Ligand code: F6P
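First, one chain by itself: the form predicted alone, in structure tokens.
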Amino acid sequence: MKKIGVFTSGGDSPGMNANVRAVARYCIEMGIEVVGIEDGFTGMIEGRIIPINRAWTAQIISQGGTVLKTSRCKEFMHIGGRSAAAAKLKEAGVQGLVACGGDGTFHGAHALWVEHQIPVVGTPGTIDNDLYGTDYTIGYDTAINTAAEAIDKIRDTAASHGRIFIIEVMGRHAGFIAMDVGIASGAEYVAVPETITNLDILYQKILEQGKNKRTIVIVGEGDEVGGATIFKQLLKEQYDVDAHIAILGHIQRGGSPTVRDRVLATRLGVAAVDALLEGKTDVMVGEINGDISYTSFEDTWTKRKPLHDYLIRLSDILA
């Protein structure tokens, strides 16, 4: 394999740049030409393929977001768009790809392999930590530290005024962020998609704290009841409880990546190049119990990554 391309796709996550840097520098060390594809699948279709050298990667390891940019490309969902992308890659002489992103990225990468036999290895870049086949995803550690810092600040105001705060964090289908920051911030209640939310129990917790005392409730955006706005509405309608809401939103995606995310992104970037050189394709590289793992793209989205029961018990016991 003489030329490898790397791209980032879907939602950005802190550590993507460290991942790109590792892929690029390892390829250069191995005597392999490396190129970057701008704006994910959109840039692939348009042929925006740029050469990468060591100098290009010199200052990016500490930057949040992705210097290669990213997009959600509707055209790539159709076979014609994927054919156009494959043609551009072959025209540029790209013989293998490293794709950093989440399940949407891996769906597209899987199609490139099945339809056009372009080898692709994925690295898990998403703050949600919801990909099966790795203990942690690139960006997750930064996101939970960002969220915890914000919640600590909100707690100061909640305590000063004796208020109930419902804080919504990201996680469309998984409660990893909510559960970890809920435990770390000492929340009185944590609502996640993996458990059934019981508003009566939440109300009991509020009464135990005292209706005019500080209460912190963490809600994962994918909870079956709804987000923070719905929680506020139901508490008022059903229990005559007033609450304030804070939706942390995209602040969780930004910022300089933590050391843990930088190291994980670097290790997985190198492992992805090794996987391509060993003839592997249609797989995601991850880290499980400290070891590099390989999971088929299909397994990353068809198998559900469990939220550990002991975390749920800890949250209930310590609230």
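Everything numeric here is computed off the predicted structure, so don't read it as measured data. All residue numbers refer to positions in the sequence shown, first residue = 1.
Quick note: we don't show the form predicted in complex with the named molecule, though the next part is all about it.
- A residue is said to contact a partner when one of its heavy atoms sits within 4.5 Å of a partner heavy atom; R260 fails this definition for the named molecule in the predicted bound form, lying far away.
- Taking the partner from the other structure, the named molecule in the predicted bound form has no heavy atom within 4.5 Å of any heavy atom of H116.
- In the predicted bound form, no heavy atom of E188 sits within 4.5 Å of the named molecule.
- Taking the partner from the other structure, the named molecule in the predicted bound form has no heavy atom within 4.5 Å of any heavy atom of A99.
- The chain is drawn here without the named molecule; in the predicted bound form, the stretch among 146-154, 163-171, 77-85, 179-187 whose residues come within 4.5 Å of it by any heavy atom is 163-171.
- Residue in contact with the named molecule in the predicted bound form (any heavy atom within 4.5 Å), chosen from K280, R253, R48, K69: R253.
- Comment: the named molecule is not present in this chain, but in the predicted bound form one of T215, T142, T126, T134 has a heavy atom within 4.5 Å of it, namely T126.
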